[in-house]
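A lone chain, given as structure tokens: the form predicted alone.
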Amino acid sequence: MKLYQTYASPFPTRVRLAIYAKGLDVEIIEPPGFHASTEAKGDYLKINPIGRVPTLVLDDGRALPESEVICEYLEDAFPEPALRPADAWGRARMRLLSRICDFYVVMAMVPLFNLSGRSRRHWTPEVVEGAATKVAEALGYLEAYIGEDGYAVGRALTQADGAIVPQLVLAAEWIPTVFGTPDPLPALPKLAAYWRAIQADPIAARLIRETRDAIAGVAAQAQEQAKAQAEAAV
């Protein structure tokens, strides 16, 4: 199998969690045209006409997009070790936490993603503070449902951890560093405790490390492009 993805996007992270936890032999490929890249997506659009990451390509050539769908497929195809709670309520909470990440946390971050690619003269305090407030509000929804045993749900990794981990790297590290806003976690004790605990899990720690490295790489690439544009304009 092949996984087309980028390490800087939070969505493929939950798929990599499944791959790592299940010990699957999957080739990881980073397609062109994402993040600070100026390349076109090119042939990747033939694999996934939606043009987003991730996409899982099976050994027979069939391609499956969308991270949650891929995770469900991998869980059905490779059920051990299980990354879904055994009981119906636990599975519902797992899906709820993932949904909160996708529909509330990510959407609250979009204005900051957009600002990060623009000149700082567009970074008005009102826009930055307003967006950061929305992110903190969305994280409050996670606070209401996050588990208290070191993992998102129960006492072991689930798909929900793969959804939450990259969002907390962005919310607690990237946003405060780039925009100078306060870390939102001290006001969210359950989520802060989860963040401390989950970093002790080796697979989660690997995902966190990959996300941090990718964010730093995108930032360095963007700086190089800005420098080249400035030099070309002289």
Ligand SMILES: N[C@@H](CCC(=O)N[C@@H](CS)C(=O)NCC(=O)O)C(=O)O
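Nothing here was measured: the structure is a model prediction, and the numbers come from that model. From 1 onward, residues are counted along the sequence shown.
The same protein has a further form, the form predicted together with this ligand, not shown here; the description that follows concerns it.
For a residue to qualify, one of its non-hydrogen atoms must sit within 4.5 Å of this ligand in the predicted bound form; all three of 41, 51 and 54 qualify. At a distance threshold of 4.5 angstroms between non-hydrogen atoms, residue 66 is in contact with this ligand in the predicted bound form.
In the predicted bound form, none of the heavy atoms of residue 179 sits within 4.5 Å of a heavy atom of this ligand. Though the partner is left out of this view, residue 11 does reach within 4.5 Å of this ligand in the predicted bound form, counting heavy atoms only. Contact check for residue 174: every heavy atom lies farther than 4.5 Å from this ligand in the predicted bound form. With the partner omitted here, the stretch from 185-193, 66-74, 22-30, 205-213 that lies within 4.5 Å of this ligand by heavy atoms in the predicted bound form is 66-74.
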